[in-house]
Each structure stands twice: as C-alpha cells, then as structure tokens.
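What follows is a single chain, given as structure tokens, in the form predicted alone.
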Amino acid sequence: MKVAKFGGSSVANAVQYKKVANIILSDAERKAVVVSAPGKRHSDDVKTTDLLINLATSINENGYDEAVFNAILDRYKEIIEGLTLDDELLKSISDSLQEIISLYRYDEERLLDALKSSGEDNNAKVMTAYLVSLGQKATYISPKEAGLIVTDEPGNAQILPEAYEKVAELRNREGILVIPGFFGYSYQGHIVTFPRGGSDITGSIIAAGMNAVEYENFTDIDSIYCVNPNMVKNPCALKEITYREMRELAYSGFSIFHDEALQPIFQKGIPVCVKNTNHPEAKGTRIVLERELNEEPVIGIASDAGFCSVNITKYLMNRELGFGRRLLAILEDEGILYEHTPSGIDNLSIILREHQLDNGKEERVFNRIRQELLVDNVNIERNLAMIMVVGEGMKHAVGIASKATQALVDSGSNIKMINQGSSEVSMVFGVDGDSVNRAVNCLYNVYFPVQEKTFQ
C-alpha cells in the first residue's frame, strides 16, 4: 500500500479536489491519504492557515474579527458548493471553529494550535465526504484515532516512538483512510501542531507506521529541481536523490519538502516520490536511501537568507579549557540554536538565524559573553546568506571547492565563511545577502553547464 499526501495547492478549490480524487482512485494501492489545509488559489490569494492565524490573533474579550472568520468559511463554502456536497458540512465547520474559540479563548498558545490545525482537520472531513459522494468507502481518521501521540510543545510537536505501533493498526482498516496533516495529540489531550509545513511530517509518520511501499508527496511542480527555479531559469530536474542530499537541501531553503519529514521514512527506508497533482503522469522525483552516482558530483544548490554572524575574539582562546562549552551554554540559556561555528586560533564565530536575537536577546547575550568569558571583542555581522552545494559524489571528486570559490569570486560575492561536514555531502558558503542571487547563478553555471540535461 501507498500513502499519498496532498499539499495546500492540491486542495485549494473544487477543481483541484477533483484532480486529487482522480489520482487517489487511479491506483488501488493508495490506501491512506493525508491532506493539508486549502492553499492559495492564485498568486495573490491567502492560505487558509494564514487566515486561521489572523483569526487567532484577533480574538479578545470582546470577540473576534468576523470578516476573517467569514473569509475562512468562504474558502470551504466554495469547495463544498463546487463539489455539490451537503450544506451541513459548512455548518459543522463553523460550529467547530466557534467551539475552539470558546474552549481556548484565554489560552493563547493552545488557541493558536487548535485553530491552525482546524484547516487540515476540516479539509480532511470535506475530502472524505467527497470520496463518499463518488461511491467510495472512505473514512475520516482523526490524528487521535490514528495514534499520533506527540510531545506537548505548542507549535513544535515531536512524534513519540510509541505512536508508530498504534499507527500500524491502520493497515487493518478497510477502504480509503483520510487523515488531516500538521498535528497530533499530546498525552495531556491537547492538540499540538508540528512546525509550519508539518503535513509532510504527518504523511511521513503515517507511511512509516503503516510500512508503506512508497510515500507519495503531491505538490504543484513536476519534480524537484537542482536549484530554486525562482532564482535560475529552466534548472535541471532531478529524477532521483538520496535522503541525505534532500535533507541538506530542504534544510537550506528547498521549500518543496519539510526537512524534518524525512526522519521517519529514512529509518524505514521507504522511498518518497514527489509528484505534480496537475500533471500526475509525470514521473516526478524519487527520494531513496542510495542512488547510483554518475559523473556529476553535485546534485543541487540551495540558499537561505536571514543569518548573522556573532564574532568573538580573545587572545589565547585556544588555550582556554571550556571556552566553547561556556559560550554555547549562554546560547542554550536563551534558547538560541546555532548553525555553524567557524573558528581560528584567537577567534570564533557563531552563525545563527538573525531573528533569534530579537526581543532583547542580543544585548543579554553580548553582555554575558563580555562578562563571563572576558573576551577582547564581540560584534555582530548581519544580512548573511548561506549557500549549500550538495552531492553524494563530492567526496570522490577533486576540485569541487575550487570551482565553487572561483564562481563566487566571479559573482562579486565576498565569502564570509566556508564549512564542510565530515560526511562530505555538502559545502556551505556564507556571503552577503545582497549577492546571493548572483552567487547561486554563477555556481549553477559552473556545476550544471548544460541546462537541457536531466540528471539521474
């Protein structure tokens, strides 16, 4: 059996719903279906999840923003009417939203999680009703019923190991199972959402728990490309990519697949196929445990902005036992995650996402570094972008780094940082945020000089 997950653009309106139904019914092995909330119907549209967040932030003792509430209902009304489903569905959605508001009005975190998750939850109910209207045996399965037991961290749920045993029982259910993505339930009985984009995580968990032969992730592109098509024209499409390569690319800016979603299926060795809802006959891109390496050592280039570098200098730093541990302890106390730590003899830099220093954290961290570590200097460099060059074949190739540095020089980019992990699957370059587009294009031209070819 297969698990198929459909993203927001795949279920944005009634026309897309019909495409999804045709895809589901075209393969009897598609037993479990995971759906996102309705996404954008056009480029200027607003995602349902964003509307739900706006609704949550508008709630106060005097009520809520009725215009936003009605805009959410209108999204479902358009779908329900377009599929000629029972009007009672819309009433049940309205009632469920009212119930959430009433129950969590005075608990901001729980309110936000419950309202955000309702986008997927209600969409799964509508999808189930539509499949039933087509004469199919389809059942809505709530995450609680499915056994998605998660940690009680609002907005950052993590699946608990014991959940998989319960999810495995879904294999015994008959017909098509429709499961909402993006959230689970804690042992305390609370709705808890995964990080944004977490419907991918739900699909992966269901596929792993049910021991699927394949996890299909349907979106709005024919395949995964070797570089962001918004940055480079007509980039090469990838037929196959490994989990490790995809993990690196997803973490570094590839929005096509949530980076945390790979872990459950990676552990089970379940292949993923990324496909296009609007063009389902296309083969898509397969994500696998191992692939045959060809003569091309680099398979992808990813970039992400919004980083900064905290630069620390202290004479004889390398002779001071425990310096790094005490520095990282300061970041841990403030709940700050770091990305890279390039260092020299008397200096060390911490690369992190700039937003983590908001709300007074920057001043507190800097004061503690000065007072507790007695450094000679500490400063911050903002507006950094990270560019990652990825490929399993890099470890066996000579001259990969020299090509990258020359390309960055040719682009006029000032290299702020170079880092390569011990796995040699990726190289990371830090550059000024203003030069990232030029840098990515120059790197692409070096590693993928013939744009027409499609890599295996």
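Predicted model, so just to flag it, every value in this text is computed and none were measured. Quick note: we count residues from 1 along the sequence shown, nothing fancier.
Just so it is clear, the following notes concern the form predicted in complex with a small molecule, a form of the same protein that is not shown.
Novice: Of 403, 416, 30, 47, which one comes within 4.5 Å of the small molecule in the predicted bound form, counting heavy atoms only?
Specialist: Only one listed residue qualifies here, and that residue is 47.
Novice: Note which of 264, 147, 284, 197 lies within 4.5 Å of the small molecule in the predicted bound form, where distance is taken over heavy atoms; exactly one does.
Specialist: Comparing distances to the small molecule in the predicted bound form, the residue within 4.5 Å is 197.
Novice: Although the partner isn't part of this model, could you tell me whether residue 389 comes within 4.5 Å of the small molecule in the predicted bound form, counting any heavy atom of the residue?
Specialist: No, no contact at 4.5 Å.
Novice: Tell me, yes or no, whether residue 215 is in contact with the small molecule in the predicted bound form, where a contact means a heavy atom of each within 4.5 Å.
Specialist: Flag for residue 215 set to no.
Novice: Among 426-434, 62-70, 31-39, 405-413, mark the stretch whose residues have heavy atoms within 4.5 Å of the small molecule in the predicted bound form.
Specialist: Correct option: 31-39.
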